[in-house]
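Shown next as structure tokens: one chain only, the form predicted on its own.
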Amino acid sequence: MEGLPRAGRDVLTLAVPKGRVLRALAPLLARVGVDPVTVLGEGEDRRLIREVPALGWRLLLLKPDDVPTWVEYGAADLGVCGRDVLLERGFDLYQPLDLGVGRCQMVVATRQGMKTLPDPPRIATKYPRCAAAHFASKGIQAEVIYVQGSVELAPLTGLADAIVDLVETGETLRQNALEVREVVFDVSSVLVANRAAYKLRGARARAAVEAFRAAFDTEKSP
């Protein structure tokens, strides 16, 4: 069996994140012309490649952190990923459109009622690059501890003074006696493209971007 067609051939390849973001993205894709069943599958459908013959597209279902890698190396023409991933991993990809999907915030959070942070503070996070850059911009040389999950435990157990993490509603913070201290930046899912490949794909890639733009504008309309 031959490998996937590389970017630059007839099929336009779009890398999309599996899971929660894909479910939120499905209505927008439907407006572009992609059947939700194609996106989400049925029953035990675990295919990671979904063809959309009517549009001449191929969807690659990836872990969210992997989407920009596929785009950067030209295995996908376009991709959908969160700004947090782009900033944390340092990807320099063209971002033609904010899709407004998966909106949340990257925040600094501490125990409720905590007045000041020690100097230097110890910060637990899944986003060490973003955390270090944020505190450095304030002239603070924070000690950053990388953790992969259960970040909220860090201030409660003495591992860290604060955390830097994504927050959507803040309910998990509240249930663990934490509160937002400051917002680092807003996060949403954006359409991305390899800068050089976008130029090579020309009209085909631009047409896809405009289809998403039209679908997004329709979704925003009352």
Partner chain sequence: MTKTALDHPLPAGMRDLLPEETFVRRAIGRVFLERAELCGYEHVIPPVFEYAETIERGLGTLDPREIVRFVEPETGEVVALRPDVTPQIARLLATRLASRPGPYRVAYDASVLRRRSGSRARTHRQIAQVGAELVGAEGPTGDLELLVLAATALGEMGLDAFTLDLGHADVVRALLVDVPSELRDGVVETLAAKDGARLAQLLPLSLSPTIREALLALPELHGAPSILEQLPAALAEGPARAAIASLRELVVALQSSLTAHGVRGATLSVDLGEVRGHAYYTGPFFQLFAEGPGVPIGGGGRYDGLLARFGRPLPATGLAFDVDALGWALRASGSTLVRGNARYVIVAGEGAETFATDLRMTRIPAIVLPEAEATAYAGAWGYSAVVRVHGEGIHVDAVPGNAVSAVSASFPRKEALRRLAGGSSA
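Fair warning: this is a prediction, and the values are worked out from it, not measured in the lab. Residue numbers count along the first chain shown, from 1.
One more form of this protein exists, namely the form predicted together with the partner chain; it is left out here, but the text below deals with it.
Although the partner chain is omitted here, in the predicted complex all of Tyr94, Arg129 and Lys199 have a heavy atom within 4.5 Å of it. Interface residue among Gly113, Gly139, Gly90, Gly149 relative to the partner chain in the predicted complex, by the heavy atom within 4.5 Å criterion: Gly90. Of the residues given (Arg31, Arg195, Lys63, Arg47), Arg195 alone sits with a heavy atom within 4.5 Å of the partner chain in the predicted complex. Stretch 66-74 is the answer when you ask which of 49-57, 159-167, 173-181, 66-74 has residues with heavy atoms within 4.5 Å of the partner chain in the predicted complex. Of the heavy atoms in Arg122, none are within 4.5 Å of the partner chain in the predicted complex.
Using a 4.5 angstroms limit between non-hydrogen atoms, Arg20 is distant from the partner chain in the predicted complex. In the predicted complex, Arg83 approaches the partner chain with a heavy atom inside 4.5 Å. When the partner chain is considered in the predicted complex, Arg204 lies well away from it, no heavy atom lying within 4.5 Å.
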